[in-house]
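Just the one chain here, the form predicted alone, laid out as structure tokens.
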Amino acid sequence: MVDAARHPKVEILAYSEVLRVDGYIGNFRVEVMQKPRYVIAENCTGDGECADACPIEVPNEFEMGLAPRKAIDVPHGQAVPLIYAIDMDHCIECYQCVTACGHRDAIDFTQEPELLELEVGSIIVATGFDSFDPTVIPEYGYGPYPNVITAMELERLDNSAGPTIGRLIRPSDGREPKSMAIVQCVGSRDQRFNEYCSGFCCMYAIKNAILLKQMIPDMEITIFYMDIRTPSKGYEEFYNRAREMGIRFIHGRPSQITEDPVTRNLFVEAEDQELGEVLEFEVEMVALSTAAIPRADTEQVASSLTLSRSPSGFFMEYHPKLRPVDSPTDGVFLAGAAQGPKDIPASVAQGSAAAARAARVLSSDTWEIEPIIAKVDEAVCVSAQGTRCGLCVGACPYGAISCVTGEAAQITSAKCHGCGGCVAECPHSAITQDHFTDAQVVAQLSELLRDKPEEKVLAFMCHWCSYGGADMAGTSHFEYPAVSRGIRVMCSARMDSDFVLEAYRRGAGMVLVSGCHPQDCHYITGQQIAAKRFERLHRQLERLGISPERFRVEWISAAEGEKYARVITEMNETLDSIPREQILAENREARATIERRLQRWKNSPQMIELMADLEPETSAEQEVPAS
């Protein structure tokens, strides 16, 4: 930390908060609010005389509330920068700190928040995690029973720089305990709270147990666990060392912890799953190994930086195997437990990787992006509706589109990732996507349904998942009927409802739309946008008279070749069960309504020329007038 503070090219903005982030890779604009310390940083020497003079004491957050701090203080003795700050929520403005520090004139009660505008090329998110609050599990007694503490509180008690200078004492009476129980998976691997494993709890519980055993050799320590997970280098040996030292491991999660009101000792009831017996232990202290959870401000950070989050709430990486420190937003990288629970070695490795990825951006004069981006036809956008409709803005997962009332939507090309969600959502066909225009997709659709369309399954597939699943089905030699015809788009969000309607207008027997599973979407919320659209489309098709079983939505990953083959087989069986005459009749009855529905779409500039080429001999009833 000291090296970072002294580095000539590192600027630390401590006691600050990021308010807003705009721009794109290589050109981010970050608005930061520096909170007032009420201490002039350049004049503060960090000697602590002001804190010694302060009469106000409040619980110390760094010491987990186990020791007090003053209303003017630093977070801890090794804080960087070592500059004191006044906590105005507790300061009584007695000015004793001013008197104690008068000869340096470092105290300034007139300070105001300061806004800074930074221009940066890349951003690394390393916001860490919070600890689960065990008070919501009443059966463990955290809160009512003073001798039930968390693992972080135990860390501070047995730390030589902690509030008790490394002496473990019972909070109830200050006496050194002779027995302790450590309970694992508090708030994690629990359907009520967090399903995931926090990963490092087993190791820090074993570490604390060994430290306590070395400090108090005759202490009885029992660890209650669901599964001991020690998979990394040297971890299993560390676990075996704890067993050899006499630390007892009980395979079972405690069902209840109660207290003797006289002695303040604790009774831990648990079932030993190895023995199949219900046991009760009397111990003098209990430590709860709580889950690692996302920080409370994670949603705010995700919104500012256009990041996606996993179902557990942590930031989602671009790809878990191939790009584990990249976020879906180019130029923004993830490090440490912000991306998910991890221990110190993994955090250090990921921090180094994130630094290398960021340096790659900073060392480049220009940055290449994919050419598959969306573009706005400004004339159509403005004339279609005098004021903005804004649907494209809500459909963009990357915040690449902006709208001003009365003006055409604007797309920042460097932020566009080419999912196509805005193209499919635009009701005026004012947006196109390079290499995946409406005309190109319809041209494929027309050719695929040229002969006997009622006997075919037309499958729309996303590039990253379901198309890979179809490819996997082929390379794995899974057998399925040769009735499917596939059209690839970059994301299921690009699959316009009009494509499906056009397929039925041209006589398709069945239509499949497929894409990633929700948690795997390459474009943050693209799958969710598509899912909502197809839910609406289901109801529209029923009103048109199309049998519901003729339209299917499936989420298929690139590794699920067997699922793709099974879905096509099932759809073929369904298609065979529907009389051909019924399919033709449904398509014929729905055709006129569909053509009216597609009128605006076909009148878009990009479609007029294509439709003239595809249907040069259309009857007068089916002709589409030029706009």
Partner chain sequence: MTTSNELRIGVYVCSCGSNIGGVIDPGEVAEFSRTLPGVVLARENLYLCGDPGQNAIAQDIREHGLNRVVIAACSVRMHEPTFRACVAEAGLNPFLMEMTNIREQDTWVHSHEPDAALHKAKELVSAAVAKVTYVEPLQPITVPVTKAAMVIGGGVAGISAALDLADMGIHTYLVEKEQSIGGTMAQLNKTFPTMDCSI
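Residue numbers count along the first chain shown, from 1. Here the structure is a predicted model, which is why all the values come from computation and not from measurement.
From this point on, the text means the form predicted together with the partner chain, which you will not see here.
Engineer: Taking 90, 143 and 569 as the candidate spot, are all three within 4.5 angstroms of the partner chain in the predicted complex by heavy atoms?
Structural biologist: Zero of three within 4.5 Å in the predicted complex.
Engineer: Ok, 480, 398, 499, 225: which has a heavy atom sitting within 4.5 Å of the partner chain in the predicted complex?
Structural biologist: Comparing distances to the partner chain in the predicted complex, the residue within 4.5 Å is 480.
Engineer: Looking at 355, 389, 98, 279, which is the one with a non-hydrogen atom within 4.5 Å of the partner chain in the predicted complex?
Structural biologist: Partner contact (heavy atom, 4.5 Å) among the options: 355.
Engineer: Only one of 398-406, 538-546, 124-132, 419-427 gets a heavy atom within 4.5 Å of the partner chain in the predicted complex; which is it?
Structural biologist: That would be stretch 124-132.
Engineer: In the predicted complex, does residue 351 have a heavy atom within 4.5 Å of the partner chain?
Structural biologist: The answer is yes: residue 351 has a heavy atom within 4.5 Å of the partner chain.
Engineer: Answer for residue 56 alone: is it within 4.5 Å of the partner chain in the predicted complex, judged on heavy atom distances?
Structural biologist: No.
Engineer: Answer for residue 27 alone: is it within 4.5 Å of the partner chain in the predicted complex, judged on heavy atom distances?
Structural biologist: Residue 27: contacts the partner chain in the predicted complex.
Engineer: Using the partner position in the predicted complex, report whether residue 512 sits within 4.5 Å of the partner chain, counting heavy atoms only.
Structural biologist: Answer no; every heavy atom of residue 512 is more than 4.5 Å from the partner chain in the predicted complex.
Engineer: Under the 4.5 Å heavy atom criterion, name the residues of 229-266 that approach the partner chain in the predicted complex, in sequence order.
Structural biologist: In sequence order, 233, 234, 235, 238 come within 4.5 Å of the partner.
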